[in-house]
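Coming up is one lone chain in structure tokens, specifically the form predicted alone.
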Amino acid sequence: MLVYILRRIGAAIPILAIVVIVTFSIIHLVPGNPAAVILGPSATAQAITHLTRAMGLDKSLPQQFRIWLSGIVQGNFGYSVFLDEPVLRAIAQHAVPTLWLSIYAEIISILLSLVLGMVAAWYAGSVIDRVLDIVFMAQIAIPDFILALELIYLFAVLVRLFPVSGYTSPSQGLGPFLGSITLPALVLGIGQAGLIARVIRDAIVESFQRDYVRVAMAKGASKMRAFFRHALRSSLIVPLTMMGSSFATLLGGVVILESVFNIPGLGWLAVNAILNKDYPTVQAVVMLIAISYITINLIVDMLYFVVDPRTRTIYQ
């Protein structure tokens, strides 16, 4: 297992290096002096010079990269002129809503994909299966922001079951908290569930064709027993990997949805940082989401090693 872990970590290092370089380059892709762009056209020359030195932009590019990377390692992501506070403090304040939203959406995605995938597999080849196949394709094809607007109109405007936008902290009550994040979580969960449900359905149907399932049914096992005890258990390896990867994808999907639903999370922070030319904050958010994506996928690879005996055999 140690060899497998080291190989996966080794494969993640080049990706992380690319992310670091691209993130560092964000501020240097700005035409002109980034400090002048951040402060705006009304800034004085003295203020621009002061911010240029404070951001280390008066040094050579290798020196800037070394100082920036050293600060990242120490947890120093710079200072936000727009928010007038350290970037790390701003991220800590806005990360909690994003984390809650991502966890809630992942739970919805897993439950929805398992139920729909199992139903489609049970009725494989029937009208129900074909209808669900259309549903899966619609879930994959509809953009999140379109689905968000439709759900807002249905559940917030017509039915008035949930608020149109806004975020309520868990400290203010579980009911208001869940009400404030259910719609965006549904949007994210539905979008992720379509592909996973399709994979679960195909994996279960394929498992039903294997010899050990046929032998079990020939010995008298009912279809339901063969379905849950044999076909379902052996077919969840690939969906398990996808479920872990989908959680990492959710972190990127919240960027748009948090703006639509006015949830003050990392996505909301990133959009407002971009609009206000707050490049240190943009760098920090991009770096955090990228590192989270890499880390979650690395954890999923470890789980894959645990649940799939064939992987353990290869690396013994």
Partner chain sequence: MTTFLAASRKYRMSYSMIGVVLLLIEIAIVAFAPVVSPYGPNQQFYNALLQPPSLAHLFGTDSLGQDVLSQVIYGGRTSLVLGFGVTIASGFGGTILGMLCITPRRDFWIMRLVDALISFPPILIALAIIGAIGSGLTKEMLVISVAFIPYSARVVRGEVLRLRSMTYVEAAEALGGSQIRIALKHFLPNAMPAIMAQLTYVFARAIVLDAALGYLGLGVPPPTPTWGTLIANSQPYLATAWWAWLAPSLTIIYTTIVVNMVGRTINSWRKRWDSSESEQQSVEDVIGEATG
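Residue numbers count along the first chain shown, from 1. Since the structure is predicted, the reported quantities are computational estimates derived from the model, not experimental observations.
Although not depicted, the form predicted together with the partner chain is the subject of the following passage.
- Heavy atoms within 4.5 Å of the partner chain in the predicted bound form are found in exactly one of 187-195, 141-149, 168-176, 97-105, that being 141-149.
- Taking a 4.5 Å heavy atom cutoff to the partner chain in the predicted bound form, the contact residue among Met55, Ile263, Ile38, Val282 is Val282.
- None of Ala218, Val157, Val73, Val131 but one reaches within 4.5 angstroms of the partner chain in the predicted bound form through a heavy atom, and that residue is Val157.
- Contact check for Ser259: a heavy atom falls within 4.5 Å of the partner chain in the predicted bound form.
- Within 4.5 Å of some heavy atom of the partner chain in the predicted bound form lies at least one heavy atom of Val255.
- At the 4.5 Å threshold, heavy atoms of Ile9 stay clear of the partner chain in the predicted bound form, well away from it.
- None of the heavy atoms of Leu51 is located within 4.5 Å of the partner chain in the predicted bound form.
- Within 4.5 angstroms of the partner chain in the predicted bound form, the stretch 269-296 places a non-hydrogen atom from each of Ala270, Val271, Ile274, Leu275, Lys277, Tyr279, Val282, Val286, Ile289, Ala290, Tyr293, Ile294, taken in sequence order.
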